[in-house]
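Next up is one chain by itself, shown in structure tokens, the form predicted alone.
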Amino acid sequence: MADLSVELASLALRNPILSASGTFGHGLEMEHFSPPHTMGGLVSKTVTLRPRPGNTAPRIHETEAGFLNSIGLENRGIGAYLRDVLPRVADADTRIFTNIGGEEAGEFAELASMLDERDEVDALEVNLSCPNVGGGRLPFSTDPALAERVMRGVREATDKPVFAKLSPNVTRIGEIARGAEAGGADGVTAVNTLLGMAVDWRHRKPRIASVQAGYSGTGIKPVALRCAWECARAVDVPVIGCGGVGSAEDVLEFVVAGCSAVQVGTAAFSDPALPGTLAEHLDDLLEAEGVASVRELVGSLDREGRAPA
């Protein structure tokens, strides 16, 4: 068997497969399809200080190669997360990443402080990049200085590993990644959803109430792969790839492009058992290629396109 273990900052993971925030509940909702021990980690839905009702419906629309969503970070707030969710995941046999979101820099730091002493949480993923909420949050992932400011506040509030989730809706994502790294991020997640929209031309109406929405799924993989590669070249901290992953082949593409781990999101809606089977498929692929450890492939992309000797 190939060695699938990887390291993210100070965290050891049994394999590089993570769930993507907002697509897998808080993790245990899907345990009958993808048992936690089959994955490297579970990433929670975004948790905010106060409960959020989310955006007005319709807020999901299936497209030709994925879907649009404008959920608006619906959640019950940090109080309910601490009280109801964390005790349930305490015995999950995998790493737990809590994704946090705020409308201003101080809220991110406050959330990080509240989670710092919770042993159930192994790491924080800082959602700088959701395109579906107001309050000025998107600039956190489009301005390197703001990304640095948020991450610095989070870094000062917790000793846990922290990862900045970045937006693809920027011109130079490497600059945002460097800002997050300068603020103390232990790694970056690349990427969140692309901005998109869908139209019902017969009724002259948008398919999503908010008009614009986050586009995810198979169709965004080439963009996500490019963004992850740019981030891996720009920073010295680990990169987690995310966007359009639907197979073990996809996972290894992100790994070769420079990612130490990969998140699976939209594909789990059509096959919630997929995340739990990917590690086995990875092992088969690596054994077939004679690769002893997945870590050998991280960042091994040959830009001149030559095949390995």
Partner chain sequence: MPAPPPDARSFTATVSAVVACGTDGVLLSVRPPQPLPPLRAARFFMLRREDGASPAIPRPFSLYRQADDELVFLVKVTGRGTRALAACEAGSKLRVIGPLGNGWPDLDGDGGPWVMLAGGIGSAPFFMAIEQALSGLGAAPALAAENLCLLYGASTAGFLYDLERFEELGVRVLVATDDGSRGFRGNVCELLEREWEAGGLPRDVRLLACGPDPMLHAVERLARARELSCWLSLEELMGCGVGICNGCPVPTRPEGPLGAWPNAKCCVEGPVFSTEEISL
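Numbering follows the first chain given and starts at 1. No experiment lies behind these values; they were computed from the predicted model shown.
What follows is about the form predicted in complex with its partner chain, which we do not show.
Proximity to its partner chain in the model of the complex holds for all of 33, 71 and 75, with the criterion being a heavy atom within 4.5 Å. Although the partner is absent here, residue 85 sits close enough that one of its heavy atoms falls within 4.5 Å of its partner chain in the model of the complex. Contact annotation for residue 266: at least one heavy atom lies within 4.5 Å of its partner chain in the model of the complex. Although the partner is absent here, residue 281 lies well away from its partner chain in the model of the complex, with no heavy atom inside 4.5 Å. Heavy atoms of residue 249 never reach within 4.5 Å of its partner chain in the model of the complex, leaving it off the interface.
Contact with its partner chain, judged by heavy atoms within 4.5 Å in the model of the complex, is confined among 55-63, 239-247, 35-43, 253-261 to 55-63. For the stretch 260-275, the set of residues having any non-hydrogen atom within 4.5 angstroms of its partner chain in the model of the complex comprises 266, 269, 270, 271, 272, 273, in sequence order.
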